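Shown here is one chain on its own, the form predicted alone, set out as structure tokens.
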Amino acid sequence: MYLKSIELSGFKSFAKKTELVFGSRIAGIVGPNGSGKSNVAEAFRFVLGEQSMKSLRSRRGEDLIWGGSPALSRSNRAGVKVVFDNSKRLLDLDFKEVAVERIVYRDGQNEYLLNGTQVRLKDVIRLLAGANIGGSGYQIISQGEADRILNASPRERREMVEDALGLKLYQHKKAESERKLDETAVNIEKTRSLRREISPHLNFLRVQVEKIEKAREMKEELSAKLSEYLAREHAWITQEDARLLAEARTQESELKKLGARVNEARGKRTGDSDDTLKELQGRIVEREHKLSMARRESEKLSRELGRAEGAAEATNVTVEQIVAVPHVRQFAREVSEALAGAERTDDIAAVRGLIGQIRERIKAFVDGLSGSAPQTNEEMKQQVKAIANSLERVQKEESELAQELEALRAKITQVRDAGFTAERDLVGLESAVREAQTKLSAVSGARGNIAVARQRFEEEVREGIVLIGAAVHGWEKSVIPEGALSEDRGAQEKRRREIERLKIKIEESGIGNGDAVVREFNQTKERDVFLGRELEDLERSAASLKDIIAELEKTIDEHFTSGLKQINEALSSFFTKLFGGGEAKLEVEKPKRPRGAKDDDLDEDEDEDDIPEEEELYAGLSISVQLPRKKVRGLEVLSGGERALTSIALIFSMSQVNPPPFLVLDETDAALDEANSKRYADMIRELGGKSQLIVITHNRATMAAAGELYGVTMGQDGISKLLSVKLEEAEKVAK
């Protein structure tokens, strides 16, 4: 059992939720006319994706929703849910049960659900098509449609048969391949058009590229020389930098060791000796400064003494000759009176004032005498004596300072001699430190030169990139030439000068502008080659699609031929059962053009490939019928009952070849008499062994063939209601 149940909610006359559970291979739905039986068949069409409102006996989606009655107001939505048993994976979903539900709202919007998850209509149709289930076609025969296959055109009849044979998948693949083939043809034409457009420009660029080919040779030569130069330079810089770095580390380590030894030697010297030495040196400096001053003072006094002695010998002036006695007496009296006045007063401020006045008078008196009177011989003698005394004092001080200085120097010598060994070691260590620092400075300077060389190297790399592009990096993969690390730097400098001259030649030749032309030429050429490859791929794809289409057509023809043969065998058997003899057969018509197309419309020289697509040849299916005891061969002369029996035989035979999971037959036996109804019931039983059947009928013989019956009734409220009877269980109880 594949079809488990169908649930209607608000769909047409089923205003309330109604569920039909199918537990038998053949389920019958019965009821009086107008009770809503056919709404069940239309519910199947609806939930399986039918989009034609005409097939659902409606004009718009709102007509499918319960419209209301005095007993029950209208609904805002209608829904149908069908549940499939998927334990055998009939549907391509990893669920044991698959529920397909469709809901329509009054605004016309539809909603599709798979196991409660909203999906697209396309997803539902693809899922059901994989199990040979569809919402339209031969699988669901609605009321009055049994005769449709007889009334259909040969082409439509063929499409129905192909649908029954399960060829839709192949036809869909063929249509998809044909669509892709059309798109490929359009892409081929576009690609060819693009190649035609770029062809003139490509030729122009090719000529331009040929003109700069000589300049390119120089560029290649530069690339080779620059690669060798850069490889040698980089190797030398790397080696020299590593050597200098190792030497710098060695010198730093040696300097660190010497520094530790210097600190140790300095620590051996006592702090008192250093302080004493500093103190003695300070005293020597002080004494030397005083001695120097004393010597200068002695020399000065010697010169003054000489001048004074000479002046004393030359002058004969006495005091009496210069100073007037009355004037001196007057000055003495004034000074005496002032001093007497100072003695009499106790006022310190007044005493100070009198002393100041006396000093000013004395100064004025002396200035008056010295400004105009010459020195006397007595004064000169006194001056010579004073200078001689001063000179003697200074010379004595000079002698004392010289002796003290000599003693201090002797003491310094003694102190120095005491620490001579330690000082000598310290001096040696400091000399070694300076030597190490000198070497380290030299190494640092050499590393600075290496940094400058590296900077120049990087600049040369950048210039090379500008001139020859990424090819300049070829030096990174080059093997270091033999002897590159030991050769004289003059050879490398010679190479650099050659490269510089070559760079100048390339710049003068205009290779920079040529690069842009070459780049554009290469891009255009690559595009042309790409388009060529695309064209080849498209042509191969078109050929492959044609092969696929041919293979699909062959497969469709084989399946169609084989299936048609099986349908005819089943049709012959069913037709014989229904009519008690006779023969019915589906035949392929000869290909012909549609109406209106005449052979005269085509020129004699016109090839078959020039026939428009709308005038392609087609071959439909015709039905030949031969009734027993009658000379009747055409469908046109069949009676209504005979047409109904022929349609039933054809529908049943189509379902036998590729049995669908279930069939819905809506009053397909309405035109049958009692005898034919029994035959119809026998055929229903036979079909029930291959497909699950839901039969809507008024016929008692058909009801007897069903394993369960659902009765549909409608009361005064206009709502369809459901009653069910399990005939198989009732039969068991009766036995």
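Numbers for residues come from their place in the sequence shown, where the first is 1. A quick note: this is a predicted structure, and the numbers were derived from the prediction, not measured.
One more form of this protein exists, namely the form predicted together with ligand ATP; it is left out here, but the text below deals with it.
> In the model of the complex, does S35 have a heavy atom within 4.5 Å of ligand ATP?
Output for S35 is yes: heavy atoms within 4.5 Å of ligand ATP.
> Please check if H698 has a heavy atom lying within 4.5 Å of any heavy atom of ligand ATP in the model of the complex.
Taking the distances in the model of the complex, the answer for H698 is yes, it comes within 4.5 Å of ligand ATP.
> Any of the heavy atoms of D682 lying within 4.5 Å of ligand ATP in the model of the complex?
Contact check for D682: no, nothing within 4.5 Å of ligand ATP in the model of the complex.
> Is there any non-hydrogen atom of F44 lying within 4.5 Å of ligand ATP in the model of the complex?
No, F44 is distant from the partner.
> So, I65, E667 and M714: all three within 4.5 Å of ligand ATP in the model of the complex by heavy atoms, or not?
Every listed residue reaches ligand ATP in the model of the complex, so yes.
> Taking 4.5 angstroms as the heavy atom distance cut-off, pick the stretch from 45-53, 26-34, 699-707, 686-694 that is near ligand ATP in the model of the complex.
Of the options, only 26-34 has residues within 4.5 Å of the partner.
> Scan 545-560 and note down the residues that get a heavy atom within 4.5 Å of ligand ATP in the model of the complex; none is a fine answer too.
Residues within 4.5 Å: none.
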